[in-house]
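Two forms, one protein chain; structure tokens for each follow separately as structure 1 and structure 2.
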Structure 1
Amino acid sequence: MRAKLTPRGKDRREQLLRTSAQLFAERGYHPTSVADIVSALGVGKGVFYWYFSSKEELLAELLKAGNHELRKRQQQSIGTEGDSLRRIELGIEATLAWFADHRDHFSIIQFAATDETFAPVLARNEQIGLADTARHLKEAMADGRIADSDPDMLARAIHGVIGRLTRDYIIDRGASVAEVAELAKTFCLRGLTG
């Protein structure tokens, strides 16, 4: 990608990202070609290669950008909340709502998890999310709100619950985000507080 983009260039790049996300989710990553992406936008291949060197680079960027958007939604939801356990609840709600709004991204993550090419990006995204959750857990432990335990392990447990509920209920069954969030919060926090 070029170092500095004009506002128009930024818009075009975003169009490429959105269109490819939709096509990857609908058709799959491998069956979708660069030609399919640019055809859907009505532009030439040169436009694609101005912004991305390859389809692999584009998918890696989708994964990074999606994780950034998810974290931004979580941070906006959490705001200045002082209660560490409430921050975890708000983070759970924001995560489920974001994936409900970005089902295509969930499909892309599921594919990327099957291809070693994208393992470093997924691992980095996961580490960022786990560190955020572990930070809130450590604070809750320091405040005596939950028993001392391995915050990394607890963060992984929470992420596992959220990932599974997202896939099985939000994505596959179209369940209510509020209903799934309530179940997830109750399950995770009762498990933490005894």
Structure 2
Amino acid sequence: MRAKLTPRGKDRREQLLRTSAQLFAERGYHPTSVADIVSALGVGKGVFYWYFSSKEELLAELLKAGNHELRKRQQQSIGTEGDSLRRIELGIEATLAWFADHRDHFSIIQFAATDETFAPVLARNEQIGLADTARHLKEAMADGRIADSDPDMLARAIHGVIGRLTRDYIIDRGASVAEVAELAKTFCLRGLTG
């Protein structure tokens, strides 16, 4: 990664990130070669290594940037909402909406979770979102809004629901965020018994 980038340079860098994300999502990280990436852009191999020191660094950058964006969106969506359960609902909606706009990123995350090189960073990223959810849960418990239970495990259960519905409906079927969010919220709050 270079320190100084002209506007043109920044564009190229973005192009590389976008194209790589797309190819990684379609074919997977390992099966996608640097040659594939540059050839998809119609440029020479040197271009890649002008902007990134390795394929690995590019993926790390992709994960970092994506996580940053998602978190920003969640925070904007939650804003100053005071109700703890409502904050969880808003977080769910924001997450679904963001992945609907960044489908490639979901596949990339899923791969990264299985790779010993990237799993640690990914785990740290997830930890933060998990902690947020758990915080809201603790508050809701303190207020007697929900049953007392392990907030950390509940947070993971919620993220499990969201992750799965995101993959099956938002990514695979392009379903509407509202429709999925509705069921997700109901299920998380009231379970099957409704």
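Numbers follow structure 1, counted from its first residue as 1. Computed from a prediction, not measured in an experiment: that's the story for all the values here. In this text, rigid core is short for the largest set of C-alphas that superpose within 1.5 Å between two forms.
Chemist: Form predicted on its own, is that 1 or 2?
Modeler: It is the first structure that is the form predicted on its own.
Chemist: For the two rigid parts the chain splits into between structure 1 and structure 2, is residue 11 on the same one as residue 76?
Modeler: Same part, no.
Chemist: Please report, as a whole number of degrees, the rotation of the smaller rigid part relative to the larger part between structure 1 and structure 2.
Modeler: So the smaller rigid part is rotated by 17 degrees.
Chemist: By how many angstrom is the Cα of residue 25 displaced between structure 1 and structure 2 when the rigid core is overlaid?
Modeler: That residue's C-alpha is offset by 2.4 Å.
Chemist: Let me know the CA shift of residue 45 between structure 1 and structure 2 in Å, rounded to one decimal, core fitted.
Modeler: Rounded to one decimal, the shift is 5.4 Å.
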